[in-house]
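As a starting point, one isolated chain is supplied in structure tokens, in the form predicted alone.
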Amino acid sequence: MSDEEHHFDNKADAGASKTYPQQAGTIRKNAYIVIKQRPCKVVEVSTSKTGKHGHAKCHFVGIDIFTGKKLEDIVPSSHNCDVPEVTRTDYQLIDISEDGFVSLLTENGDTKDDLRLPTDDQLNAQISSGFHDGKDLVVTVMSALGEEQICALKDIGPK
């Protein structure tokens, strides 16, 4: 064994995958699925019967959880689909910069400054007006497949 210290410059996560496999036949409405490399919420599932020599097929219609676009996919029901790890985290809003970035307070007291205001105009207006009115706001950030976006807002009272 060597007594010298090793220094690693690159930081990596624990190697946890951003998706996990699930059989297509077991995925139901309101679940999450990856369609065309995008995380989607399933809004419609239909299953076709098996043909003479074929598999039953599942037809998924999903809405991209970040862009709101409708995506479709057809997969044999016995095959596996990728299901994204979707997490929601609450942060307290500290500041909104002129270029549209928000400054958020994490649970351990650090700041998170790499998120923009949401693309949803209604939510964007609610956050901006609530912040300028001096309210204490908590935003919910949804993350999946390495992407993050503000998806909800809670008002916890005046500052």
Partner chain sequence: MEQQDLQCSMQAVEQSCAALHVSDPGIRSSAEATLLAFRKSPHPFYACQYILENSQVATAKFLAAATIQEAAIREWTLISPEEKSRLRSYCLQYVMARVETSEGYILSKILSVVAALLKRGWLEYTQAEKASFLEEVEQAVAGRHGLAAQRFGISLLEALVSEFSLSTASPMGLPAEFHDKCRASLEAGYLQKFYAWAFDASVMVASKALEGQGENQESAICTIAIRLMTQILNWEFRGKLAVLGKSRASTLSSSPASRKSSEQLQLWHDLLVSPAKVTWILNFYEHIHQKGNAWLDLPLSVVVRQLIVLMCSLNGSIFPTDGAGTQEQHLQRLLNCIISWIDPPEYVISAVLAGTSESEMLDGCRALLAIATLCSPSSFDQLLLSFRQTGTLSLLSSLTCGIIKASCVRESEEPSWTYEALEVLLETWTVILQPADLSQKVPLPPSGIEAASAVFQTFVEFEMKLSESSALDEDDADDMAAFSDEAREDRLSAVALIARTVPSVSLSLLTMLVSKCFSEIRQSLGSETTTRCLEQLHWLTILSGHVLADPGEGETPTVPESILAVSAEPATHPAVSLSFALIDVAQQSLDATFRTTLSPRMMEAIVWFFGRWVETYLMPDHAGRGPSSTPSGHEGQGVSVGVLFDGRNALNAAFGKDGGGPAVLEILVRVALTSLTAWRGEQVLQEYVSSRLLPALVRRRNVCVQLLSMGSWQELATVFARQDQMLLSLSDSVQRALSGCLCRSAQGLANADAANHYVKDLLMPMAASLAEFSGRKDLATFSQQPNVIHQVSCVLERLRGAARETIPRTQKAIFEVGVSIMKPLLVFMEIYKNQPSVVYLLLKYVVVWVDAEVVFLEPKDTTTVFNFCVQLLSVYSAHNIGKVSVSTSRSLQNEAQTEKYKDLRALLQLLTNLSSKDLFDFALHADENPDVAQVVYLGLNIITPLISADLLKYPKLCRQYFTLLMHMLEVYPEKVAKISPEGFSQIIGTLEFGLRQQDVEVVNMTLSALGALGVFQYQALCKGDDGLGAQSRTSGGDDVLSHFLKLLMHFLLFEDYSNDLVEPAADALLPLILCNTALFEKLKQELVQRHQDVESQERVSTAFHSLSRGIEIASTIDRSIRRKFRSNLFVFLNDLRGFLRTR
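On a predicted model such as this, the values are computed, not experimentally measured, just so you know. Residue numbers count along the first chain shown, from 1.
Form predicted together with the partner chain: not shown, discussed below.
Considering the partner chain in the model of the complex, the lone stretch of 59-67, 129-137, 109-117, 96-104 in range is 59-67 [heavy atom distance within 4.5 Å]. The partner chain in the model of the complex comes within 4.5 Å of a heavy atom belonging to L123. When contacts are judged by a 4.5 Å heavy atom cut-off, Q37 does not count as touching the partner chain in the model of the complex. Interface residue remark: L145 is not counted as part of the site for the partner chain in the model of the complex, having no heavy atom within 4.5 Å. Using a 4.5 Å cutoff between non-hydrogen atoms, L71 does not count as a contact of the partner chain in the model of the complex.
Shown without its partner, the chain has T140, Q149, C151, A152 in segment 130-152 as residues with a non-hydrogen atom within 4.5 angstroms of the partner chain in the model of the complex.
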